[in-house]
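Shown next as structure tokens: one chain only, the form predicted on its own.
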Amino acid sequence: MTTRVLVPSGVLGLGFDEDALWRGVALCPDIIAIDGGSTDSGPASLGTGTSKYSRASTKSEWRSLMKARAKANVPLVIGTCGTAGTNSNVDWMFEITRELASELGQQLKVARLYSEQPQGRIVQALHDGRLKPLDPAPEVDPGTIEKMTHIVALAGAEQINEALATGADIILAGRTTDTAIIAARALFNGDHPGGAWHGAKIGECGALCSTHPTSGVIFIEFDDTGFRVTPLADKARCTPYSVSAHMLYENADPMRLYEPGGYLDVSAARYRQIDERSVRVEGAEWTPNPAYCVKLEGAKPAGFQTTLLAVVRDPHYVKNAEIWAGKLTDFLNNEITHRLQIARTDYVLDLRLMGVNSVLGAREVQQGTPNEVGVLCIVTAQSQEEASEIAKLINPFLLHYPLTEEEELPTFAFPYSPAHSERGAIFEFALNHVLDLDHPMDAFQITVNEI
């Protein structure tokens, strides 16, 4: 059997080629699948249960997809709703869907697949030996777990197929693997399992596997030996190079991909150009695991932040920026301890020199002399008030601190006033573990509504 999957984009909110979308609808897909989330921007969305994407942009793109779904008369599936796939992210997406259904005059059955985990369940799993660390993994104990604001499990194809079995027109899924929403229908239909997972990995980011990555829309056809992938924008092409290279994307091992229930091995895969735009792939193999487990993601509070930004252009200070920043940091730590009576262990002060070493810090190996240096000062403390108090103490020194005691006071530039900005609560990822399950649905729930 052939299963046809239309993938409009790598993520809802990124945009896609509207003309290409309707070309995909004309090809009669069996399902439309799109991802809705990412950990690329860090733990804040998971920590707060809010989306990093614009609601207006999300609604605009979802409107197009709901129209496309109605025309194709097939299920529309979105994985990892609202960036992180928490229950509140799923419900946020449900409200957008309900608004659009009313505006478009559509009557729909909507299934919500919830992936969020109660803290007590994870604490019990830890006690029972069913919570197992990946490498590397932070240390966890019941106290750490109870501090986490949100914990999600990454659903696989099994959970997506349970949601599809409800007969829903639209599936709004919590946290899923990026591949699960694409592979699920092909696996249900009995297509080659290695081909299903491999094609899903290639298609997870839409047209990123093509020569026109920003166009978004691709079409994947799965069958009993492999898959064919075709980009649908005017100037986009898939090549064996562009397709095979995607196994390197966000994957530690380009030959192996782990998913709930098993792993994909593409070491024997062969990529063949079959026309000007399409690539045919065969040879990947799927190996089931004897035990079923799902990966967990959790976030916990890591304090409150206030930032300051100054710009240094004086050649003397630009040339000696690292020396100056080191001296300033030592001076400020002493001032914070003695003038504010805040213990060194109760805050973190980080000066990042943009244009010098702001990304790699001490690991930076490339040396050069920029025209100017941005000094980003990040203060993390146990409360917002404390972080801002520290920032206000830092303010005059970030503006005037001299490189040596013998020279006159410099004056640098603040690009905005006030110079400090309160960032609020910040979060950190606190789990890199898998959860053993007796049944794939043990950690997931499905709710169905008519709207």
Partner chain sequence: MMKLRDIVDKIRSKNAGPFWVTVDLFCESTAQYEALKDQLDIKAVAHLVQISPVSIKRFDLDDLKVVKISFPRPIVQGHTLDRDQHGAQFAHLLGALPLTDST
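Here, rigid core means the biggest group of C-alpha atoms that superpose within 1.5 Å across both forms. All values reported here derive from a predicted model rather than from experimental measurement. Residue numbers count along the first chain shown, from 1.
Note that the form predicted in complex with its partner chain isn't included here; everything after this is about it.
Screening 253, 99, 314, 330 for any heavy atom within 4.5 Å of its partner chain in the predicted complex leaves a single hit, 253. Residue 39 is the only one of 388, 395, 48, 39 with a heavy atom lying within 4.5 Å of its partner chain in the predicted complex.
In the predicted complex, its partner chain sits within 4.5 Å of a heavy atom belonging to residue 138.
In the predicted complex, no heavy atom of residue 273 sits within 4.5 Å of its partner chain. Taking the partner from the other structure, its partner chain in the predicted complex has no heavy atom within 4.5 Å of any heavy atom of residue 70. When contacts are judged by a 4.5 Å heavy atom cut-off, residue 288 does not count as touching its partner chain in the predicted complex.
Residues within 4.5 angstroms of its partner chain in the predicted complex, judged by any non-hydrogen atom, belong to 237 to 245 and to none of the other stretches in 218 to 226, 122 to 130, 237 to 245, 279 to 287. Residues of 403 to 431 that come within 4.5 Å of its partner chain in the predicted complex, judged by any heavy atom, are 426, 427, 428, 429, 431 in sequence order. Annotation for residue 345: C-alpha shift under 2 angstroms between the shown form and the other one, rigid core superposed.
After superposition on the rigid core, the Cα of residue 366 moves by 2 Å or more between the shown form and the other one.
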